[in-house]
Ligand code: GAL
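Consider the single chain below, provided in structure tokens and representing the form predicted alone.
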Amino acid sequence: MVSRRLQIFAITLMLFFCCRTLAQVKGNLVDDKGHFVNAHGAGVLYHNGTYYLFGEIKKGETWLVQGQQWEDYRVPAGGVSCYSSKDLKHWKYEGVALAPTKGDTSKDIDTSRVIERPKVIYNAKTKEYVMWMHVDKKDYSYSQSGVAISYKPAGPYRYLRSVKPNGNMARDMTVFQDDDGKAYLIYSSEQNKTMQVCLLSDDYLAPTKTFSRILIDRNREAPALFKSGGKYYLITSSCTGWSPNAATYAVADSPLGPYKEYGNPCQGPGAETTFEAQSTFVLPLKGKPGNFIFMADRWNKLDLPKSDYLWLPLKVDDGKVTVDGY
């Protein structure tokens, strides 16, 4: 009994120090060359013992798109970067995973366009790494999901096409891969008034006709979907442009829903603005059920390349989600 108690204490202590280290990621991440990590709206692929971080490359001058009803600040689309790590603390720059085109405004991934929220999953059947992302025109009038593939986790990725899933607009998005190998595309739709969840084809390269409308008339974006204890949890933000707001979470028995929405998972000073950040991804900690990393962006709308990051411990306890800002 004593030995068992000591073992539990040791595990608890390890988790405590792990969470303390992760909670300190408030600001800029630095890679192995001493450069700031440039990977915004990020997602993480865990594969063969390595974490691969993918995100938007933001560089160049920030400008305001005229004629919008919200503060539509933009920089030239820089493509998608990739970083790798064994411990989530030390990051190696792997290079540009998906390079933009230049000088052809008709191309989905031209620097004149928008490339946002890239997420990568691995298809064990096809042996391909599949990247989904939101692609758009600078005024958000295009609203489609783009897909690219690679045979190496860090890339380079080859861009294939973009689609409106089942004819619906798709903006802020994420991708979720379930334990049974099925994958789902989750995205803001219908002028951001609803979200949709769409089952992907077996090769993960196309939407199927199996989809659901969720969070109807809730005006949510920045989705981050994860699974714990057989339940599916979806964290989203409200639609306030680049300005932060309070997150909420919703719970379902299936990725397709229906979802029941709950309140703000954040607790502590600054919880009402998600600690000045916006959700992008929730990463499960391997071997630690119920323990996750809540990943978010702290946008600097007037100088987008100076936007930084917020990573905090997230826990699920008896169905309740908590992001601890303390």
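Just so it is clear, the structure is predicted and the values come from calculations on it, not from any experiment. Numbering starts at 1 and follows the sequence shown.
The following text describes the form predicted in complex with the ligand, which does not appear among the structures shown.
Considering the ligand in the predicted bound form, the lone stretch of 88-96, 104-112, 154-162, 235-243 in range is 235-243 [heavy atom distance within 4.5 Å].
None of the heavy atoms of W63 is located within 4.5 Å of the ligand in the predicted bound form.
In the predicted bound form, at least one heavy atom of Y140 sits within 4.5 Å of a heavy atom of the ligand. In the predicted bound form, the ligand lies farther than 4.5 Å from every heavy atom of Y262. W70 belongs to the set of residues with a heavy atom inside 4.5 Å of the ligand in the predicted bound form. Heavy atoms of no residue among E128, Q177 and D203 are located within 4.5 Å of the ligand in the predicted bound form.
Contacts with the ligand in the predicted bound form, taken as any heavy atom within 4.5 Å, map within 157-181 to D172 alone.
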